[in-house]
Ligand code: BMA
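A single chain, nothing else alongside it, follows as structure tokens in the form predicted on its own.
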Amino acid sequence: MSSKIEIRGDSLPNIPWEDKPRGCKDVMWRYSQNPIIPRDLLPASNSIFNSAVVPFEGTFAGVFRCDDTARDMKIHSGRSEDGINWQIEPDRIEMLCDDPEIGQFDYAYDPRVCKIEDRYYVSWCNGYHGPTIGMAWTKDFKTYHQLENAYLPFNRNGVLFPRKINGNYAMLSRPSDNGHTPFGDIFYSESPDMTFWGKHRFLMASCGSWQKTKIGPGPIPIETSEGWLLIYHGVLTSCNGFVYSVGAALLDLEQPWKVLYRTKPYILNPRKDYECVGDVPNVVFPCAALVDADTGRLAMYYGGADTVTCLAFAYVDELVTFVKANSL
């Protein structure tokens, strides 16, 4: 099968994959062997979830959120031959940083990884007098060079675009507060140098039901001939607390703060035990997506119940068609 929609990316024939189950009518379906990473893969881990994965030298590499049994939030490097079975470093990433003030942060969680030219940029929620967007780069997933924080506190969910827009680096984020934010819209920003961020533009707001309380960008946007395909999370406040689901949108290619289409229904929501039972019940939280440009196969990594790491699959063609046919 080849993709009918042009996907501007690389071939990835060894993408983790499982065909859609017979009779499945959903545009996205779960891996039958979920979760792929249990909470206790490391000797001292309480949970491993909300993590980022990219192709690397014919295999896969990533940065993983690993909360330990003291409940300290840290990020660790990991490698995998197949994108399913992972070896995660037992020690957290130690950044090289020119400024010791920036290098001393309180916590790190919910990373994303984006390849731009010859570097893999890591963004994460960084504890610097409250949550902000930490930034670093690596070429080998062994040595990490920490950059200036992108924004003032309070901010979460910093997600880079995989190429420059109008000659600048581009990022999505979700301004927040210092707690378990009961609000949140997505904004777009640009930078000439990965240090100074500006040209802030409003992207989209929370609305409807499953995404009424707050929203936030998920994996790195996927460039297609139909626009940037953005997978994002949305939160509903139920009588029993927050419920995190997954939606998708199409953004204009050259003015990505302009939303072309956006799903009214979710594409994935908590239903399985590993999504409904854990440290934070009723959460599916997308952080990474691998795409094979030739076939349009998409493998999405997501956190289940803030406890484990899971996989779900889709075809880009079908997902784009679904977004356009079911738009707000």
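Just count from 1 along the sequence shown to find any residue number. What you are looking at is a predicted structure, and each value in this text was computed from that prediction instead of being measured.
This next part talks about the form predicted in complex with this ligand, which is not shown.
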4.5 angstroms heavy atom contact with this ligand in the predicted bound form for L260: no
4.5 angstroms heavy atom contact with this ligand in the predicted bound form for E223: no
In the predicted bound form, A289 touching this ligand (heavy atom, 4.5 Å): no
This ligand contact at S51 in the predicted bound form, heavy atom, 4.5 Å: no
In the predicted bound form, segment of 39-47, 24-32, 260-268, 280-288 with a heavy atom within 4.5 Å of this ligand: 280-288
Sole residue of Y109, W86, Y169, Y188 within 4.5 Å of this ligand in the predicted bound form, by heavy atom: Y109
Residues from 236-263 in contact with this ligand (non-hydrogen atom within 4.5 Å) in the predicted bound form: Y244
